[in-house]
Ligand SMILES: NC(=O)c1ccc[n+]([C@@H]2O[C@H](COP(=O)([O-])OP(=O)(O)OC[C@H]3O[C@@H](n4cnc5c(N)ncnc54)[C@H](O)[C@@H]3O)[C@@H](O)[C@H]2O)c1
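The chain below stands alone, shown as structure tokens; this is the form predicted alone.
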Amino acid sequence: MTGAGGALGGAIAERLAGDGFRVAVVDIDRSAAEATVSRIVEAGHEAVALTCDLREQAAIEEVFAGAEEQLGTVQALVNNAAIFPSGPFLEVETSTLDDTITVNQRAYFLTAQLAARSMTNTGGGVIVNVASIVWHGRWDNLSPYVASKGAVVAMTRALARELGRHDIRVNGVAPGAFPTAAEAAQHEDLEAYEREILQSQALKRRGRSEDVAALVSFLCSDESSFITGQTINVDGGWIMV
């Protein structure tokens, strides 16, 4: 899975390892990937740390081949890595837009394509794309990120339709606000931001990384074998559609 060195990604990787998957922990930050692998191995499960710059197609292809060589053919892919630049729409630079789309959308497409090509030869599999509730459009100053996450939802539906005949299920997970290092970096007044979150949510507690991991685990399991093309919010009832 990509972006597996962060708080959400690490929790997902650990949960999937506990479910019996041999996990390729992919992140641009080698030390973060190794930290996740260390926790997985200490728990008695198997994982390898792989470094990849998702802006480079050749790097994606290389890391995918390396993961299959070390761990075997892919059964499940989780696309989680993302960048989230902030700023007014009128001031967004083309380079910022390009980088955001490249990491948050194009990389998902390329990794899904590689996984699906492998899965069609091995009887099927699962792809889970991590989107965000922001695609519903209630947030300012995040236009490249919102656009890219909306594209992930649309892509999830398109891939589910096309790959279902190969017994490949494709679903999305849309997290709400979770306490992460990225959240702390984006908000100067975390107490005020937390009050805003709890006021918006139906459930009056902060989300935990394990909440997202539990849903991804379900979508990667046989218990969700008749679910595809869906993007499910994990946000404490912030968005209800």
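Counting begins at 1, following the sequence as shown. This one's a predicted model, so the numbers in the text were calculated from it and none came from an experiment.
As for the form predicted in complex with the ligand, it is not shown, yet the points below apply to it.
The chain is drawn here without the ligand; in the predicted bound form, the stretch among 85-93, 155-163, 127-135, 109-117 whose residues come within 4.5 Å of it by any heavy atom is 127-135.
In the predicted bound form, the ligand lies farther than 4.5 Å from every heavy atom of His45.
Contact check for Ala177: a heavy atom falls within 4.5 Å of the ligand in the predicted bound form.
Though the partner is left out of this view, Gly6 does reach within 4.5 Å of the ligand in the predicted bound form, counting heavy atoms only. Residue contact with the ligand in the predicted bound form: Ala76 places no heavy atom within 4.5 Å of it. Note on contacts: among Leu198, Ile28, Ala214, Ala35, the single residue with a heavy atom within 4.5 Å of the ligand in the predicted bound form is Ile28. In summary, among the residues Ser143, Asn171, Asn80, Thr100, the only one with a non-hydrogen atom within 4.5 Å of the ligand in the predicted bound form is Asn80.
Residues of 192-224 placing a heavy atom within 4.5 Å of the ligand in the predicted bound form: none.
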